[in-house]
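Heads up, the chain below is alone and in the form predicted alone; it's given as structure tokens.
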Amino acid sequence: MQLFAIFGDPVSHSRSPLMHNSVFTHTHYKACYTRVHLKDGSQLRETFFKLKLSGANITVPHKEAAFAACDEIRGFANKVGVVNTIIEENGKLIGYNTDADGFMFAIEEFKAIKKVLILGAGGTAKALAARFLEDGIEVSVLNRSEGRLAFFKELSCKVFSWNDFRISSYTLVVNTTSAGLKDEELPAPKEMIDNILQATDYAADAIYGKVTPFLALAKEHDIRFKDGADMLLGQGVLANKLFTKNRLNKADIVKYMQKSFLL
């Protein structure tokens, strides 16, 4: 029996155990998935081995700490310095990032995306910015302060803090901050968010399972929006394929993960 987990702070809200355990149960795969509330990201590696995990997902705020915890980084995670999926191989931790492709899966219904504004500058923002740029999409990043914007400057994104933000028109605005996850906060001052929403076609939030204050405002502005549920599904399918070393059929993984959202 293999054991998998999700690390985060907070983590009690996570649907990942329902998603992955639904797949394991219906496919008779000998594995179980649980949650680990981890406050100190520097303890991730030690905790992983102490629990004898075969793999793990990483959520806020530990995705950059997960990158540092790995012995080897593969694929897209190398480009962004952010890991959300870890696999144990022969006593080593191998890091991947499935967030970006999961998000692209989630927004397939949003057509002709040319300009994106990302709110926040954490691990999810890094992954999405790099992935959007790969598709030739113009990316702007807005963060409370300038402190975390250097990475995005190097990618050739347009970067702004709250103090120097200059609004433009956008196809899509994405909230990657934790604002609204366990509170009723907005990712930026309300007047700023109102102005942004008046200048976009679509809005999305990486948070799932609730209409965040950001999405509630998008609804007031009559903007087509979606929460992070489809992103969660997309990255979860990719993570499960890594966990099971491609032994399971992708269509079955999608089907049984989708069933878990009805629970």
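Bear in mind that the values here come from a model prediction, so they are computed numbers and not experimental data. So that there is no doubt, residue numbering starts at 1 and follows the sequence shown.
Below: the form predicted in complex with a small molecule, not depicted.
For the options 121, 117, 159, 129, the one in contact with the small molecule in the predicted complex, meaning a heavy atom within 4.5 Å, is 121. Only one of 139, 113, 93, 186 comes within 4.5 Å of the small molecule in the predicted complex through a heavy atom, and that residue is 186. Mapping the unseen interface onto this chain, residue 237 falls outside it, with no heavy atom inside 4.5 Å of the small molecule in the predicted complex.
Contact check for residue 60: a heavy atom falls within 4.5 Å of the small molecule in the predicted complex. Contact between residue 177 and the small molecule in the predicted complex is found at the 4.5 Å heavy atom cutoff. At the 4.5 Å threshold, heavy atoms of residue 163 stay clear of the small molecule in the predicted complex, well away from it. Just one listed stretch, out of 36-44, 199-207, 23-31, 213-221, contacts the small molecule in the predicted complex at the 4.5 Å heavy atom level, and that stretch is 199-207.
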